[in-house]
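Okay, so here's just one chain, in structure tokens, the form predicted alone.
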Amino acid sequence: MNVTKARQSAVEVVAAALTVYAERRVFQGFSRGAVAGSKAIFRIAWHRGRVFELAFDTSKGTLRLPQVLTGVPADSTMYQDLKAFIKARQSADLPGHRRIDIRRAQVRTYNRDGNISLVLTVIDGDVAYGVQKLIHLVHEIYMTFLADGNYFEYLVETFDLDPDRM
């Protein structure tokens, strides 16, 4: 298989994996964006009605999800806690189905001006695994990290929620 066909194939794997989530109504909406060079864009309407733009770079094997959380200063306790939460998702203490296997994928966080991005790099070439783990990680960030106690107030304020209806 030549490089161009391999890249197209990897983009199709990502699109198929995201389509499964959309069909299961995990996402409120999903669309494919432009493919230029080694990069493909996917738009996902998801948690709290936010639209996420997932960028897949076939040459680097990375899935980048910018602005997973906003308004979180880099020197804040919340950002440090989030990094620890993400690291814990890679721990051998978790069951295999819930863990991000560090031999297969690596997750990094970036904080630029309070906007937190996640970048998952697929190590073993299994892009479908990478998509699944990134989607599950973001879901856990919203459903567990934010909703469990310490950052409930952030969740309510950031998404203008009624705490009595949660």
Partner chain sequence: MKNRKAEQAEQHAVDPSRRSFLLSSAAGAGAIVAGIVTETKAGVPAASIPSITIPKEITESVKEPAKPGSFEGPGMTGAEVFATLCKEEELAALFCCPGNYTVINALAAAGVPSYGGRCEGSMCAAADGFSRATGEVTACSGTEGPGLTNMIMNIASAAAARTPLLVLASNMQIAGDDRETFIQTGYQQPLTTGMKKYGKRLIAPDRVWEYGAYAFRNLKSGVPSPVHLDFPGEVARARFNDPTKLKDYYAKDKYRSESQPQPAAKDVEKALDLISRAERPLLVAGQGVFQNKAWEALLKAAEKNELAVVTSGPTRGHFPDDHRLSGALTPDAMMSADLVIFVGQYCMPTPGEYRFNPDIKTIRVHPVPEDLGRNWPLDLGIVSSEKAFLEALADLLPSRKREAWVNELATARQKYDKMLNDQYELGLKYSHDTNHLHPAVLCKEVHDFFYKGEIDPKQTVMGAGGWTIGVHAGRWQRAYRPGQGIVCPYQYGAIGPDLAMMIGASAAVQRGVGPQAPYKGAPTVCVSSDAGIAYSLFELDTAAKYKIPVIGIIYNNDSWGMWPSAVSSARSMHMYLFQENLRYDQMAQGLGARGEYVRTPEELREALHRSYQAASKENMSTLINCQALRDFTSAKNYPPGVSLNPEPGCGAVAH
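Quantities reported herein were computed from a predicted structural model and do not represent experimental measurements. Numbering follows the first chain given and starts at 1.
Although not depicted, the form predicted in complex with the partner chain is the subject of the following passage.
Trainee: Between 121, 132, 115, 38, only one gets a heavy atom within 4.5 angstroms of the partner chain in the predicted bound form; which residue is that?
Mentor: So the residue touching the partner chain in the predicted bound form, by this definition, is 132.
Trainee: Identify, from the list 104, 136, 50, 32, the residue with a heavy atom within 4.5 Å of the partner chain in the predicted bound form.
Mentor: Selected option: 136.
Trainee: The partner chain is absent from this chain, but in the predicted bound form, do 15, 60 and 110 each have a non-hydrogen atom within 4.5 Å of it?
Mentor: Negative, none of the three is within 4.5 Å.
Trainee: Is residue 160 part of the interface with the partner chain in the predicted bound form - any heavy atom within 4.5 Å?
Mentor: Because no heavy atom of residue 160 falls inside 4.5 Å of the partner chain in the predicted bound form, the answer is no.
Trainee: Taking heavy atoms only, is residue 55 within 4.5 angstroms of the partner chain in the predicted bound form?
Mentor: No - in the predicted bound form, heavy atoms of residue 55 and the partner chain never come within 4.5 Å of each other.
Trainee: So in the predicted bound form, does any heavy atom of residue 45 sit within 4.5 Å of the partner chain?
Mentor: No, no contact at 4.5 Å.
Trainee: Could you confirm whether residue 126 comes within 4.5 Å of the partner chain in the predicted bound form, counting heavy atoms only?
Mentor: No.
Trainee: If we check the partner chain in the predicted bound form, which of the residues in 11 to 30 reach within 4.5 angstroms of it by a non-hydrogen atom?
Mentor: Result: 21, 23, 24, 25, 26.
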